[in-house]
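Below, in structure tokens: the form predicted on its own, a single chain.
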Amino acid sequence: MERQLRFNKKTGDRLFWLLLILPALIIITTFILIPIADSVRMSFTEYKMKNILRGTPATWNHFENYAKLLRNKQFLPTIGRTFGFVVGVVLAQFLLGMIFALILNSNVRGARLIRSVMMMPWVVPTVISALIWLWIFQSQYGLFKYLVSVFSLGAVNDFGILNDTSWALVGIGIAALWKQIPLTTLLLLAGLQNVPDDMIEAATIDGAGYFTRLFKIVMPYMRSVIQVVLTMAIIENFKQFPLIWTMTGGGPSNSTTTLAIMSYREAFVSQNLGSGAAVTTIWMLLMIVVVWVFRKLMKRQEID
């Protein structure tokens, strides 16, 4: 009888647990898994906007969309540009976020006010952020042009960062950092505040310097927080679309065209939904592989 009650209790707990996660499973399946599966299926078809207007079904064309992408001379440079943008922004975001978190964790005066103010860029919608930086980088009357002119003593008067193929992606990276650093700083600050004070005090008594304590005690203790922060940053910048599209539209001369921009162009500018789905599939697979490799490297460091 006792065994039966124990069995019934365990079954009831499992049913209750399943009932709790069921709404989340339904939402994830409906709005994430099914659209992803449909996009992958669409990438193997000839499916254009005219098919939607005429109500005709898509035509299966196997790997033709992927073959066209490989023949596209812009495809491989776009992948390289995407990786360059992600690596550059993520590294800068982590370094600056850690510096700001260390400053805020050092009992600086007005730390609470600074935390509240610094979250404002993160709260601002991405499109609004893009418009703000578009005005700052405006080549004729933008704030950035004025500052460059002042600091160069008038030697440079016509520098438009978004109009320069060598600097346009850097300008977008600056805008991305402005929006993303606040959340990174807040998460890293939370991790710093969870490091036990007695470990820091013991290391200080033993004669360990500031940087020794930082790299030998604080950073290893924050490994899980750092992993979450960097994973979020990688995903966020891999799928960065509204910022780039609003600021440059992928130009000038495709210098800011990433996989997100290329996918949109193929699907809605060229009106080839099948080709756009193929770009999206490759883009998604690359992002998954990068995140998987990163997490493997972090786990290997934990073992070492």
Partner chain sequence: MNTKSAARWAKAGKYLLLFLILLFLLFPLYWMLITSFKTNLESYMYPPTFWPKDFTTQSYISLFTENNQFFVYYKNNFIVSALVAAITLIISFMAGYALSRLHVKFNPVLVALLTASQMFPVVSRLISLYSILRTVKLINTVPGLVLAVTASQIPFCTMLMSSFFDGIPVSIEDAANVDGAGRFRTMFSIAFPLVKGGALAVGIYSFLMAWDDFLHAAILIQSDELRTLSVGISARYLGELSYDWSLVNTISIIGILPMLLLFFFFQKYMVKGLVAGAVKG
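Computed from a prediction, not measured in an experiment: that's the story for all the values here. Residue numbers count along the first chain shown, from 1. Note that the rigid core is defined as the largest set of C-alphas that superpose within 1.5 Å between two forms.
Below, we refer to the form predicted together with the partner chain, which is not included among the displayed structures.
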Among the candidates Val170, Ile99, Ala208, Ile217, the residue which, in the predicted bound form, approaches the partner chain to within 4.5 Å (heavy atoms): Ile99
Just to confirm, Ser152 within 4.5 Å of the partner chain in the predicted bound form by heavy atoms? no
4.5 angstroms heavy atom contact with the partner chain in the predicted bound form for Thr30: yes
Would Arg81 count as a contact of the partner chain in the predicted bound form, using a 4.5 angstroms cut-off between non-hydrogen atoms? no
Exercise: Thr246 in contact with the partner chain in the predicted bound form, heavy atom 4.5 Å: yes
At 4.5 Å, heavy atom to heavy atom, what parts of 113-139 sit next to the partner chain in the predicted bound form? List them in sequence order, or say none. Ile114, Arg115, Ser116, Val117, Met118, Met119, Met120, Pro121, Trp122, Val123, Val124, Pro125, Thr126, Val127, Ile128, Leu131, Ile132, Trp133, Leu134, Trp135, Ile136, Gln138
Would the C-alpha of Ala67 be classed as shifted by 2 Å or more between the shown form and the other one after rigid-core alignment? no
Phe16 C-alpha shift between the shown form and the other one of 2 Å or more, rigid core reference: yes
Taking the rigid core as the frame, does Leu25 move its C-alpha by 2 Å or more between the shown form and the other one? yes
